[in-house]
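Here we start with a single chain on its own, the form predicted alone, put down as structure tokens.
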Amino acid sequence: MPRYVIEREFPDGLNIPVNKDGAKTCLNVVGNNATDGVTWIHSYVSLDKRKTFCVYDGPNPEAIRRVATRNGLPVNRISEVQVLDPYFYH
């Protein structure tokens, strides 16, 4: 399964509360993603919360865009990536 980094910009900042409501929001994204065979692995959030870098597995960029639309999330850039493990060279 290809792996992607999705860059998203949130001009007003990303505000997901750290409580049951936030957990429900994230689980809804996971559920919506599953309908297109997309898996949210994890995300990095900039300190100002205006940009995220989300690591996803999915069949193709079109599936990533479909689930983003379904989840009401912006997509600024999708890059297919591979793992570079520094310990591989030992």
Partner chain sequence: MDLLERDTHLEALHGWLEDASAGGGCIVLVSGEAGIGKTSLLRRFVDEQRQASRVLWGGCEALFTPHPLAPLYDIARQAGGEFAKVIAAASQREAVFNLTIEHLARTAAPTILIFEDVHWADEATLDLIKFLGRRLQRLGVMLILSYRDDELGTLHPLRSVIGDLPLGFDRRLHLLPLSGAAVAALAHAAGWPAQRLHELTCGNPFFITEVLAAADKVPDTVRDAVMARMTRLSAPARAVANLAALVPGKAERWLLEGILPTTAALLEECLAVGMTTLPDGALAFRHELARCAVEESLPPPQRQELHARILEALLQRPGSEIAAARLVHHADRAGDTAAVLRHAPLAAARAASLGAHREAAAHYASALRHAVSLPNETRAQLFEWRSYECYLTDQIAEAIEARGAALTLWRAGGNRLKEGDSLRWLSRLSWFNGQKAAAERYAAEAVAILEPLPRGRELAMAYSNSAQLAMLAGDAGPALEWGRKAIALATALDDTEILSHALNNVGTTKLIQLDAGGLEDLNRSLELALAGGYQEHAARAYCNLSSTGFRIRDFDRANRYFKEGIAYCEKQDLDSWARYMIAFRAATALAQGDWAQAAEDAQAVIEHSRVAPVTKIPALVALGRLRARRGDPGADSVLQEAWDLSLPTGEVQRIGAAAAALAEVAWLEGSPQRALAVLRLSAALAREHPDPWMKGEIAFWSWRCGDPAETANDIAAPFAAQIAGDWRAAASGWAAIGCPYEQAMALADSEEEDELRAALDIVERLEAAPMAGILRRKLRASGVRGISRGAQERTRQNPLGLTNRQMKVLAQLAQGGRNADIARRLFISEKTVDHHVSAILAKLEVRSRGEAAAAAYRLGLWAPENGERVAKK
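Small disclaimer: the values here were computed from a predicted structure and weren't measured. Residue numbers count along the first chain shown, from 1.
FYI, the form predicted together with the partner chain isn't displayed, but the following is about it.
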Non-hydrogen atom contact Asn60 with the partner chain in the model of the complex at 4.5 angstroms
yes
Mark Leu14 yes when one of its heavy atoms lies within 4.5 Å of a heavy atom of the partner chain in the model of the complex, and no otherwise.
no
is_contact(Gly22, the partner chain) in the model of the complex, heavy atom dist at most 4.5 Å
no
Restricting to 56-78, the residues within 4.5 Å of the partner chain in the model of the complex through any heavy atom are Asn60, Pro61, Glu62, Arg65, Arg66, Thr69, Arg70, Gly72, Pro74, Val75, Asn76, Ile78
